[in-house]
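Just one chain is shown here, as structure tokens, and it is the form predicted on its own.
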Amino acid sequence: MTNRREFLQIGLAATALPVAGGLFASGANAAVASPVRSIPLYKVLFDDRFAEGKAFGEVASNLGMACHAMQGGDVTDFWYHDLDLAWRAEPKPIAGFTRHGPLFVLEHLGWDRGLRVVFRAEHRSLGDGVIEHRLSGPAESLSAAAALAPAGSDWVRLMAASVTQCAAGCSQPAERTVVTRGAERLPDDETFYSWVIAPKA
């Protein structure tokens, strides 16, 4: 469980993301950054079979997000009893930390409702405590990637804070790869994904 000091650090990191995002988008010499509006998330999904998923969900919940733990990594129950009904009324943005399967399913289901993956971070173990993060999304949101390098095993908490602050209405997509050292290996060396699905601009 995240202690008070860790939660404050995460909260500060999340609060700083819009400002840092403006600096990232404007270049290193920027002195002032305008605030960036975040995508209002309907729900945050996480795979509760893994410590990383639980940590992601805990941080998102502490930051005020409505969260859903996927039992056994299966998105079926969430789709039939929640999201499908919500999306019939309005294409609401969602986010998550999952393996590829749930992301693939939700991405394709969202296409017919006018939603797209607007932020994606692929996390995979390279061995010896190294995690590689390949991120794509709004340039304003990728500024947090710099903090992943020294984050160690706290990288997943930083990603949760980043996803909940994903920039809305940005027209400049970007890509970035960052390596975290001193992290725990991902379970079974599987690749995990942090993502945001939202109505396309």
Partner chain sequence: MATLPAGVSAADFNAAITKFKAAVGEKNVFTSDDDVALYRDAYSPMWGTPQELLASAAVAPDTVEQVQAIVRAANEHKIPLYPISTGKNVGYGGSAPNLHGSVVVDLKRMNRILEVDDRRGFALVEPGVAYFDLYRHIQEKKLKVWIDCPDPGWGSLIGNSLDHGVGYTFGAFRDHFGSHCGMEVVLPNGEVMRTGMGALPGAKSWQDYKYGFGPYVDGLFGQGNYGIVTKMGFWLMPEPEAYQSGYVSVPKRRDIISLVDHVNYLEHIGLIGQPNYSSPLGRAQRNEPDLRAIVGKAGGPSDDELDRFGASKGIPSWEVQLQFYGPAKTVAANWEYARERIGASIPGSTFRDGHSYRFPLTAEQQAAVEHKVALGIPAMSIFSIGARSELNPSPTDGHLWFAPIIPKTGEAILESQRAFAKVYQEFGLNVGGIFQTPATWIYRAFVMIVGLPVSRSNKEINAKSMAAFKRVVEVAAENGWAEYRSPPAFADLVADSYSYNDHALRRFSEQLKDAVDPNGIIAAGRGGIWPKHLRGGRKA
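Keep in mind it's a predicted model, so treat the numbers as computed, not measured. Residue numbers count along the first chain shown, from 1.
There is another form of this protein, the form predicted in complex with the partner chain, and it is not shown here; the text below is about that form.
The partner chain in the predicted complex is approached by G72, whose closest heavy atom lies within 4.5 angstroms of it. Contact annotation for V105: at least one heavy atom lies within 4.5 Å of the partner chain in the predicted complex.
Within 4.5 Å of some heavy atom of the partner chain in the predicted complex lies at least one heavy atom of R99. Within this chain, L109 lines the site of the partner chain in the predicted complex, having a heavy atom no more than 4.5 Å away.
Looking at 74-88, the residues that come within 4.5 Å of the partner chain in the predicted complex, counting any heavy atom, are D74, V75, T76, W79, Y80, D84, L85, R88.
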